[in-house]
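Below, in structure tokens: the form predicted on its own, a single chain.
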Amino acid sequence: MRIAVYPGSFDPISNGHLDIVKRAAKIFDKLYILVSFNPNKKYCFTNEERVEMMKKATKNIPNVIVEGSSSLVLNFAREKKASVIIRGLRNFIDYQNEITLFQFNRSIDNNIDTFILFPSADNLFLSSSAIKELVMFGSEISNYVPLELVDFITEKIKRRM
């Protein structure tokens, strides 16, 4: 069985994230989405909200399992018997970060590889930060996040301003 882990903060989830999930789910038998809890990061959404948003957005993808954790991604992958970590790569800055992370991970456990997926053209410049900024300036986000989450994401970000 081919098992992969797609980690991220998903603060909030975007259509770019969902695109990566859908494409990875076609390649792997089981895809764990790891919603990361990093105590050193300031999130707009709570850990529980980020997990629930991802669960709602992926509820119709049968081989996807969403979990939250503060553990190291490699440890989570080992626990789930995953051999691959999925990463999205939008630009050269992402490349610089991901190649360093890949080398570091391989030095710890060379049984777990990294699988890069590039965004679809519609999502090339999409980021969670951009979504937050759009909401802060009163712009519509329905083209950038799952439709069932537009109101929740918009209201939560507005309350945080």
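Residue positions are given as counts along the sequence shown, with the first one as 1. For clarity, every value in this text was computed on a predicted model and none was experimentally measured.
Omitted here: the form predicted together with a small molecule. The next part is about that form.
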Report summary line: Assert contact_stretch over 24 to 32, 64 to 72, 90 to 98, 103 to 111 against the small molecule in the predicted complex, heavy atom within 4.5 Å, equals 90 to 98
Query raised in the report: Are all three residues Phe10, Pro119 and Leu126 in contact with the small molecule in the predicted complex, where contact means a non-hydrogen atom within 4.5 Å?
Result: yes
Requested in this report: Determine whether any heavy atom of Lys59 comes within 4.5 Å of a heavy atom of the small molecule in the predicted complex, and answer yes or no.
Outcome: no
Query raised in the report: Does Ile20 make contact with the small molecule in the predicted complex, using a 4.5 Å heavy atom cut-off?
Result: yes
